[in-house]
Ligand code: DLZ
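Let's start with one chain on its own, the form predicted on its own, as structure tokens.
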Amino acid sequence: MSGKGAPELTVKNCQDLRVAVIAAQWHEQVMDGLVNGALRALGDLGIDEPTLLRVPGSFELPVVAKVLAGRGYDAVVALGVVIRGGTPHFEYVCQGVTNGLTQVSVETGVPVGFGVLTCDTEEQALARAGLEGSTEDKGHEAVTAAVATATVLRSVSEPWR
């Protein structure tokens, strides 16, 4: 079951971080839930002025993440949803997005929160979207993970005295 065994993350001293959220537009109801969860998480963390950008679909997330990572953001959060259909399109998009976002993070050293749902059905996506009645809130989780990682990176980049 997804979500089982998830860590309880405590993130402190992150209010000054620059965070961008990039969200796909496909599957509007699911995306609205993911975006709302992400913005709620940022508010909970005291990050009051995040950048929110919308792109056509999940496949476009990596290129925008790469540009934002190069423009001084401390963390980038990518939100999208891909629902399996009857063609191999699902596998190509999921693999491309996952590899692309991983590459951005590793090459730039900027954490990329992975909030891209890869589901077999719309019901699975709705259950993870952070909507009323959802069992999970992946938008919130993606922000928390990215910001927690950014604070870890900041702690190791500061000189030890």
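Keep in mind that what you see is a predicted model, and the values were worked out from it rather than measured. Heads up: residue numbers just count along the shown sequence, starting at 1.
Another form, the form predicted in complex with the named molecule, is not on view; read the next lines as being about it.
Suppose contact means a heavy atom within 4.5 Å; in the predicted bound form, does that hold for all of 27, 60 and 83 with the named molecule?
Every residue of the spot touches the named molecule in the predicted bound form.
In the predicted bound form, the residue from 52, 93, 126, 67 that sits within 4.5 Å of the named molecule by heavy atoms:
Selected residue: 93.
Can you work out whether residue 89 and the named molecule are in contact in the predicted bound form, taking contact to mean some heavy atom pair no more than 4.5 Å apart?
Yes, residue 89 is a contact residue.
If we take heavy atoms and a 4.5 Å cut-off, which stretch out of 130-138, 33-41, 101-109, 52-60 is in contact with the named molecule in the predicted bound form?
Only one stretch passes the 4.5 Å heavy-atom test: 52-60.
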